[in-house]
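In the block that follows, a single chain appears as structure tokens, in the form predicted on its own.
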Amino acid sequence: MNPLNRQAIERLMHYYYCIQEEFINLNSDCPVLSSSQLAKHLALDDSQVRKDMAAIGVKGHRHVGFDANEVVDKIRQSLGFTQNYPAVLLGAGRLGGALAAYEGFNTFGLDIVALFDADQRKIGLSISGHIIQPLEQLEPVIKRNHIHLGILTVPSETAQELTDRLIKAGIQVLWNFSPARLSVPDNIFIRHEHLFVGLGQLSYYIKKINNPES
């Protein structure tokens, strides 16, 4: 299979949820669906749907369509959901704690195996079975468990320093929930979740509703 770009991965995730919710959950008899049905649900061109299906090895049946369960299985295989990949999470505040406690990540293969924080008052406390560890243990845990994914829910002023430590220890993929714009080498993949940017957008549109002339 050829490498997938970010846009293709995002579309595959939309297909995954759409098929699960609109086809499989509503029909237990191994439903089939056409590219035009899927395109209509997601406001896409059906030729794009067919290209994406071909890219992950799904072959449609002429005048029948795609097997919904096969599509879901192929997406899971293509995106790596069938594998288990451990991760470390830095920042045991409310957001970090919520992420550590979320059991739904297991569906996608994500396994948060260690939780770290700089606050000595939190060390030794447990969040959903995760014992909060001191940052001094960060590098040994990463290397001992061959971890490649790091999740950041730390303040912006410490985010870059911790990012540098993670990369030096062997982390190659980062999921950043901090407001900091991080600098990483070209070979490191980073996904930014800009919660404050989203909040700003929401606030703006609420303001427009309340003050349409402003």
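Here, rigid core means the biggest group of C-alpha atoms that superpose within 1.5 Å across both forms. The numbering used is simple: start at 1 and walk along the sequence shown. Here the structure is a predicted model, which means the values were calculated and not measured.
Note that the form predicted together with another copy of the chain isn't included here; everything after this is about it.
Only one of S156, N145, N69, S36 lies close to another copy of the chain in the predicted complex, with a heavy atom inside 4.5 Å, and it is S156.
Stretch-level contact analysis of 45-53, 58-66, 172-180, 158-166 against another copy of the chain in the predicted complex, using heavy atoms and a 4.5 Å limit, identifies 172-180. Within this chain, G91 is remote from the site of another copy of the chain in the predicted complex, having no heavy atom within 4.5 Å.
At a distance threshold of 4.5 angstroms between non-hydrogen atoms, I24 is out of contact with another copy of the chain in the predicted complex.
Although the partner is absent here, Q77 is a contact residue: one of its heavy atoms lies within 4.5 angstroms of another copy of the chain in the predicted complex. For L149, a non-hydrogen atom is located within 4.5 Å of another copy of the chain in the predicted complex, even though that partner is not displayed.
Taking a 4.5 Å heavy atom cutoff to another copy of the chain in the predicted complex, the contacting residues in 102-117 are Y102, F105, F108, L110. With the core held fixed, the Cα of M13 is displaced between this form and the one not shown by less than 2 Å.
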